[in-house]
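Take a look at this single chain, the form predicted alone, given in structure tokens.
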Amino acid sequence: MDLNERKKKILHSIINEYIKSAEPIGSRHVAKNLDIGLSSATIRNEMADLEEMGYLEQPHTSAGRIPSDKGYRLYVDSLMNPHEMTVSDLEGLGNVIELQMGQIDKIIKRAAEVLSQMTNYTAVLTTPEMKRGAIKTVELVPIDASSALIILVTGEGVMKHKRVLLPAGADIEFVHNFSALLREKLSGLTLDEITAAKISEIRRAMQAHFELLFPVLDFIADIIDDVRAETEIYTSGATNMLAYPEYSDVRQAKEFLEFLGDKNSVVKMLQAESPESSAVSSGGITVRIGKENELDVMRKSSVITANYYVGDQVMGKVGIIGPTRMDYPRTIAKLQRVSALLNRILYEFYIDED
């Protein structure tokens, strides 16, 4: 069966109306609102075809139709019209910039609050990736003839230290040279950037006592993992969802709120990908609709996410959770604006400060 332009216009009209009303849409309503010169009977036949093709569903208690996940997917990918930001929207975003540039966590938290207020959905943001594992410097300080203290400082000022045993024959000069080599080769890198090639490069430069390299690298990996475990998730507008009829069931609302309180589950949701999800326009927005979400608790919701960056480096995630009946054009436009704003703020903080 062909999905012609007429069917697309009817589907587009039904989804737009359902987003506003949350009520099943009938053929008479479509005929009244869609000026294409078709009778209710003709539109009813087209709606039956769209249902057969899987783009619409018919609740048992109503003669009207509602969009399916497949219908929303087509709408997001090719039918919806771009949303233009209003002056009040832009003023709300301006409030984020007023914070001090050094208060990165507060900026992320405020961005979540502004995004939830602008969309009336739930906003979820992660703290910057650079906070989660960049090495600012690493030092090796001799303690006695047989041991040294390795000191690691992350980009955000977290300092850790550990005592390591020195190989037999390693003198103070070797410790100082090895410390300088570690600073040269590892400063500014994240754990993912300490590759096998980088390790081999350090090992060749050491020439002797390279067996000390491995406990040092193990220590660095352990510390960075500890810092990563401290990643913050900022959530705002959780109770916004209770205003939507899709979440009126007490059990479902309870499950949703419990889910938001589970940091690991939220991170998994933000990082998940699915074959059906798509990037929208040039903004790099990913939309997962209903059953496209891996987690059962999210199967009746839509999740829209974007990365935010410093240059080409991904720093973190910003996301919006709402019902599948979400206002996609409006939400995507505002999410793009917030992620672009974070890109600019973090660039000024990390790059200009350097």
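Everything numeric here is computed off the predicted structure, so don't read it as measured data. The first residue of the sequence shown is number 1, and the count goes up from there.
Missing here is the form predicted in complex with the DNA; even so, the following discussion is about that form.
Heavy atoms of Gly322 never reach within 4.5 Å of the DNA in the model of the complex, leaving it off the interface. Although the partner is absent from this view, Gly316 stays clear of the DNA in the model of the complex, with no non-hydrogen atom inside 4.5 angstroms. Contact check for Gly26: a non-hydrogen atom falls within 4.5 Å of the DNA in the model of the complex. Although the partner is absent here, Gly64 sits close enough that one of its heavy atoms falls within 4.5 Å of the DNA in the model of the complex. Only one listed stretch (43 to 51, 306 to 314, 287 to 295, 325 to 333) carries heavy atoms within 4.5 Å of the DNA in the model of the complex, and that stretch is 43 to 51.
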